[in-house]
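Single chain ahead, by itself, as structure tokens, in the form predicted alone.
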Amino acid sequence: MLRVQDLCKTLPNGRKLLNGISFSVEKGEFVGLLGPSGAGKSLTLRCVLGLTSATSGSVDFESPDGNTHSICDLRQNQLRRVRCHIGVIFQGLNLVQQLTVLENVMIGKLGCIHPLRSWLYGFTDREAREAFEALKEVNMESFAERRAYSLSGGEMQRVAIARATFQKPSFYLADEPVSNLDPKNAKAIMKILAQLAKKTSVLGVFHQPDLIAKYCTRVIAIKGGEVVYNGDPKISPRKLADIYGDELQELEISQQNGQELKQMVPATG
């Protein structure tokens, strides 16, 4: 469904941020991207979406109709249509705080309807019902009329997932969707993503090797803008040390603190 081949991104000063990134994601896979800070994980996702132009290489995406689209070569209007098949879950949630939960889910489809219609008519009753069903899938239907600012972090991330599923995409991209959550909520979100992957595909950026080992079907590690591992999500301690270097100790301390917090304070949301 997704083929990334020899993807490169070079700055004007010659510095290479991505250096020949290649991988594929098939239907039914939950693939985790991991690596040290600044490795190029989120930048890779941006290139896949066409939000950042690659210097060279290709990103081929197969839409539900069986057509393959070369994202790096598409014009803006073509890219807009292809993105309707990709559900994106951002790290920052990107919810409109003053809108209700239901409204936040529905606006996820604005890019897939004609601008004139969105300005004059908005959404139909049928679309509102479909948005409500998307909330039910993440156990957030009782929050439909709540304002987004009143939600906890875990609740907001569930709404962000509902907004993505409301689009009925054939592929999901998730950029650090659990990085700001406590361990209990992080596991809950990973379970939801794993269920989504059974029907479509999910490619996500994560910093938690233990969660990737438990929920992902495959892991791709990026270091210095290059793929240094592509395989079993249960990565050996030695390989993790090669991938993260000095950052591994900080990662282990962060995970240990998260486990201690889980034991001391019940998670909410």
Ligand SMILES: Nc1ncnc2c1ncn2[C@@H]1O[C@H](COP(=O)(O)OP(=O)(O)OP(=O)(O)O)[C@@H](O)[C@H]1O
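Just so we're clear, the structure is a prediction, and the values are computed from it rather than from any experiment. One-based numbering along the sequence shown.
The protein also exists as the form predicted together with the named molecule; that form is not presented, and the subsequent description refers to it.
With the named molecule left out of view, the stretch that reaches within 4.5 Å of it through heavy atoms in the predicted complex is, among 211-219, 37-45, 232-240, 55-63, 37-45.
Listed residues D182, E155, E103, E176 were compared with the named molecule in the predicted complex; E176 is the one with a heavy atom within 4.5 Å.
Interface residue remark: V25 is not counted as part of the site for the named molecule in the predicted complex, having no heavy atom within 4.5 Å. Mapping the unseen interface onto this chain, H69 falls outside it, with no heavy atom inside 4.5 Å of the named molecule in the predicted complex.
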